[in-house]
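Shown below, as structure tokens, is a lone chain in the form predicted alone; questions about how it binds or moves come after it.
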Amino acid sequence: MQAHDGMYIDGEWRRAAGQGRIEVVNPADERPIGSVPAGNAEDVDTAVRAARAAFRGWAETPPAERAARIGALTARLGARREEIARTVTAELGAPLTFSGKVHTGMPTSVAASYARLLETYEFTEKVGNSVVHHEPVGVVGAITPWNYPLHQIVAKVVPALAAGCTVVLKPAEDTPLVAQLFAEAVHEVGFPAGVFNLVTGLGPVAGQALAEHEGVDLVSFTGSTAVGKLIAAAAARSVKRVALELGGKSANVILPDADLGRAVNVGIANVMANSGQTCSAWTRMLVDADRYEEAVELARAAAAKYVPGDPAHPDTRLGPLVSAGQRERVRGYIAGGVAQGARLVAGGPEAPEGRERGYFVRPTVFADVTPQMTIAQEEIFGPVVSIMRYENEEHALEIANGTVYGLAGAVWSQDEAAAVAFARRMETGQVDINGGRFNPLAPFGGYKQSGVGRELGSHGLAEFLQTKSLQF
């Protein structure tokens, strides 16, 4: 596994200011696979200064030329897809098949969508006697998480570049190797020096320095709500803009007339994907009282299909969690659910059989979960499903909306109009109707404490633009 000894700043790999290193560990066997520099405030300052110096030239580059660069980057990422997939599996623990289809395929698709969008996007509009110009915000500080390491990089960096902004990226310390592959791809296709910069480091050091830096005009952060609040507070001191994609506790609402078997099976698959480390996962399954026990048995059978295993094996469907800390956090929530009286249908806090080494967790299903329980209110970020009973649709809506989060959700019904009507009353940013497919052009983001702003498509591009009106 290749690792660079420096940071990618101003178009070249440079030695870090400090001597510290961050060790990258394979979560399947707990063995080191590489290391990256632990950047500090000096590294961040150097990167921000490079981005600031490059900003005006990139902002004035015609959109068609920016589109061509992004198109070339997309092609380069596609050419290296197998290497990217192997890297994600090694540092995150996602099953290799999933890494190829989702961790590599999805971000490549998103990058391509921005190259196409620039062909038609209108950066000026006429409003009465005014001309409104949509201009790049400036220097963007992008702080990305470990759960979808390449996708989250692409979802921030590519629209920022498309808008004409320059970027300093601080990736998660658990999964920095794929960020280095992205930086290599940027370099290979010839983006001007300083337009994209990479600083690896710890969140409380490099991440905080980036959020507080007065040379940064916008901070785009994806991660926990708790850290998002700290980022927003740090950004507020210099009144810089923020885009925050935070936690979720999404409801999977199965209305009484739904195809119960399909809704339960897809719902379990949704949570088990990426070992449950998905902010938009439908971790609360809401079922009407009359069919509740049938749904519980279906969920038990569905969860049994997800056997923790070696993520490098092509048949593995459930890999480890990303780190020892994450494993202990999830096991703690499972133990807490049992202690609070939830009925354990599948899984549990013990290590999976034969998987004592590695950060593995049993796929877990709880029944008889009440809205007040911790497992029904807090984001677990693991392969844990809570099945909740409702008496009628108003009760289901009350439960669905009864958390501080509002990121995603699902509704199932044979009557599509009824499903849509229910979805419109959910306090959440994105709802899948009867298993609707992910759309990389649709805006993604949350209500309430799930965040501020939107990613993907034209809405994602608009996050990195500001408006200027000229009156005539």
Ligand code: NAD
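Keep in mind that this is a model prediction, so the values were computed, not measured. Numbers follow the displayed sequence, beginning with 1.
One more form of this protein should be noted, the form predicted together with this ligand, which is absent from this view; the next part is about it.
- Though the partner is left out of this view, residue 166 does not reach within 4.5 Å of this ligand in the model of the complex, counting heavy atoms only.
- Within 4.5 Å of any heavy atom of this ligand in the model of the complex lies no heavy atom of residue 319.
- In the model of the complex, at least one heavy atom of residue 146 sits within 4.5 Å of a heavy atom of this ligand.
- In the model of the complex, this ligand sits within 4.5 Å of a heavy atom belonging to residue 172.
- This chain is displayed alone, yet in the model of the complex one of 279, 287, 153, 88 has a heavy atom within 4.5 Å of this ligand; that residue is 279.
- Though this ligand is absent from this view, in the model of the complex it lies within 4.5 Å of a heavy atom of just one residue from 50, 407, 70, 36, which is 407.
- In short, of 70-78, 88-96, 378-386, 362-370 it is 378-386 that has heavy atoms within 4.5 Å of this ligand in the model of the complex.
- Along 216-238, a non-hydrogen atom within 4.5 Å of this ligand in the model of the complex is carried by 221, 222, 223, 224, 227, 230, 231, in order along the sequence.
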